[in-house]
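So this first bit is one chain, no partners, the form predicted alone, shown in structure tokens.
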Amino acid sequence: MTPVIRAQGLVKDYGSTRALHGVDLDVQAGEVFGFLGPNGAGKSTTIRLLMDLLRPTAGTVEIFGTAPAAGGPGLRERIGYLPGELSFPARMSAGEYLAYLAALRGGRGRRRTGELAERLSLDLSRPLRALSKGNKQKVGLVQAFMHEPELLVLDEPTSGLDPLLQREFLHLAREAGAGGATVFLSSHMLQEVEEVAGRVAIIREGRVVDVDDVRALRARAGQQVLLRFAGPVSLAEFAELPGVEDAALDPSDGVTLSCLLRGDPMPLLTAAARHRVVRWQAEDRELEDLFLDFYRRPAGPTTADRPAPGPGAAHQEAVR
């Protein structure tokens, strides 16, 4: 099947700054796909390329098998898009604005506007100019979901929402996926993506560093293990074992070993059994720990081939 979203070798330069370094993505029909990374990693730049709000320096993008620049209104009516930064006309109420968008879509979305506004506790009578950031985000969510698009592209969708409304958004995303829509969800909040996404891509400094099933990622997160022995042991005996990372002995006693264990525990258990173990403790790590692992590692070639960044706030905003 042709992917709903396909990006190959996406490169985006802002002057002397390279924001994206050859991003590849494939998102299949009906997936809820998480796109994870901290602010500045390249999420919004990637989404703007998908939506044809920016043009790539190199590489290609297809949505439903069509280049966004060539798709025109026929392609756009199949998409619900929530940008990372919202801009609304000042002289309309929320309800008038949403009615205007429904009219532009030939009436599509008018039926769901009230239902979505009620679910998100949005007062449609209030002027857009008077809305708080959270209420503007609600308007953005309603306009993205209201016409029941085939593809939802959502950039940091829970920004500014309180925890109850964040939960309601997750219900909306699940319902859209269950109804056959494809959801592309960008976030720096791993927990919310983990709850709804089947697969996630992790982007770091303009490169996709991992794409995997959420369950597989959780398994790879591993366990934090603590072993206490009856007498001193050698760190070298454990540090190079398969699946063992970050092994360390407590310098205050020489008998307490901590390590990160990924995969088969037998090599560690076998080595530990050569000694008298007086305590064993193992705790599953959170998926967020794995996510953070990618940002603790040295950047490697990412920094080696990046042109020197340009000065000023405009440069920082462009990369974001």
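Predicted model, so just to flag it, every value in this text is computed and none were measured. Heads up: residue numbers just count along the shown sequence, starting at 1.
Absent from the display: the form predicted in complex with adenosine-5'-diphosphate. The rest refers to it.
- From the list 253-261, 273-281, 44-52, 66-74, the contact stretch for adenosine-5'-diphosphate in the predicted complex under a 4.5 Å heavy atom rule is 44-52.
- With the partner omitted from this view, the residue of Gly59, Gly40, Gly30, Pro265 that lies near adenosine-5'-diphosphate in the predicted complex is Gly40 [heavy atom within 4.5 Å].
- adenosine-5'-diphosphate is not drawn, but in the predicted complex it has no heavy atom within 4.5 Å of Leu10.
- Contacts between stretch 170-209 and adenosine-5'-diphosphate, counted in the predicted complex as any heavy atom lying within 4.5 Å, involve no residue at all.
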